[in-house]
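A single chain comes next, written as structure tokens; it is the form predicted on its own.
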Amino acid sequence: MAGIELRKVVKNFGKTQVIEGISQSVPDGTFLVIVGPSGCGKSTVLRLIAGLEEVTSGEIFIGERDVARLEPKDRDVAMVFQNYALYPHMSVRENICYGLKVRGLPKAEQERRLALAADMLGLSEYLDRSPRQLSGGQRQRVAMGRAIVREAAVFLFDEPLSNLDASLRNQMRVELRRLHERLGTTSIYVTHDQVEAMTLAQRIMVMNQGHVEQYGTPDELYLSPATVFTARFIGSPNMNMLRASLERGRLKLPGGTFLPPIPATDAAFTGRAGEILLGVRPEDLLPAGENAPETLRCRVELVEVLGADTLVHCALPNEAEGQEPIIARLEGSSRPGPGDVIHLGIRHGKAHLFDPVTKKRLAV
């Protein structure tokens, strides 16, 4: 096993720069998830590590070796692709062992590694079947088995669950976590699904337009997002962003109500006045009495009943013109109807403040 370190990695396609000098370390044994919207560069980073793309400049270390100019076969990595990439004319056994056979490993060693991987992934009874006789989840297990038998220093996963239905994705996420806990191999997993990122990762790297927005644990990104982009990307539904203002050390919400004074610890916040972005997650908006102070008065536009939860889409009053609708996650028994007026309070200590110009977090 080995850690990974990217040092000022740049990737250009022609005159277009798609990776903007990323420097990041992934400790040995870490399960890192790279997440971001389509086109942000996350799959390109994975392909640079694998050697499927050449770096324009910079260094990529796996363990103590700079592998940036090495061939993929010399990097000691194993990759699992989105489309499984199985040979249809080969059995499961032959697919898993093909790379070992090409490398000339003795038959006994091939069988040892095959038996371990098949037992780990529940494939022992399917070894003589062809890929077309397997379900999507079973095919993905075969692709993972092929990576496991390599006994590589690093595993790379490129959106491996995106072709599965919701139930299978949930099941495979659990299996991937168990697999990592058992093997402890440094793993990098690319996805656009932030739910996968939160449930699988020990560390998350959020990417946006070729650069790293934030790197940290799932809790750090969820509880203390460093930028508006991270705040909106991590969490489902997205964090609400309200255009508030600061007056005499207090936050004035759209509609004219005030939040209690906030004890500022950031010099950028102290003594500040004017516009500010207030972020509130849907689950941190709470029903309040009609006459309760410091609440948002909203008109219900749409209600989504999810069983345990109810998502309520609300419009703020006319004096908050230009403000996008907000979403509150209420208990499943709460069922306001479209057109109803409700009052929402903000859970204590759950307000996130951002500079409206730089879009960066203000610590409070």
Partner chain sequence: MQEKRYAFAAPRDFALAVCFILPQLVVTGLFFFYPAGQAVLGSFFMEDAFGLSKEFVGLENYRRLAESGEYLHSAWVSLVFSLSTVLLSMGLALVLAVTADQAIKGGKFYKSAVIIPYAVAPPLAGVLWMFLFNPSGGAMTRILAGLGVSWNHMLDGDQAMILIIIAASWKQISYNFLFFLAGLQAIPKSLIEAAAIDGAGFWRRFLGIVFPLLSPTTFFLLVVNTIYTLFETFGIVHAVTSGGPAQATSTLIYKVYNDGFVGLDFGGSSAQSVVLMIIVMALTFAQFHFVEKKVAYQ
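Numbering follows the first chain given and starts at 1. By rigid core we mean the largest C-alpha set that fits within 1.5 Å across both forms. A quick note: this is a predicted structure, and the numbers were derived from the prediction, not measured.
Form predicted in complex with its partner chain: not shown, discussed below.
In terms of contact with its partner chain in the predicted bound form, the residue from 86, 251, 121, 212 that brings a heavy atom within 4.5 Å is 86. Taken together, the three residues 50, 77 and 81 all lie with some non-hydrogen atom within 4.5 angstroms of its partner chain in the predicted bound form. Proximity of residue 288 to its partner chain in the predicted bound form: non-hydrogen atoms within 4.5 Å are absent; the residue sits far from the partner. Taking non-hydrogen atoms only, residue 237 never approaches its partner chain to within 4.5 angstroms in the predicted bound form. Although the partner is absent here, residue 180 lies well away from its partner chain in the predicted bound form, with no heavy atom inside 4.5 Å. The closest heavy atom approach of residue 146 to its partner chain in the predicted bound form falls within 4.5 Å. Contact with its partner chain in the predicted bound form, defined as any heavy atom within 4.5 Å, is confined among 202-210, 240-248, 167-175, 90-98 to 90-98. After superposition on the rigid core, the Cα of residue 182 moves by less than 2 Å between the shown form and the other one. Once both forms are fitted on their rigid core, the CA atom of residue 130 lies 2 Å or more apart between the shown form and the other one.
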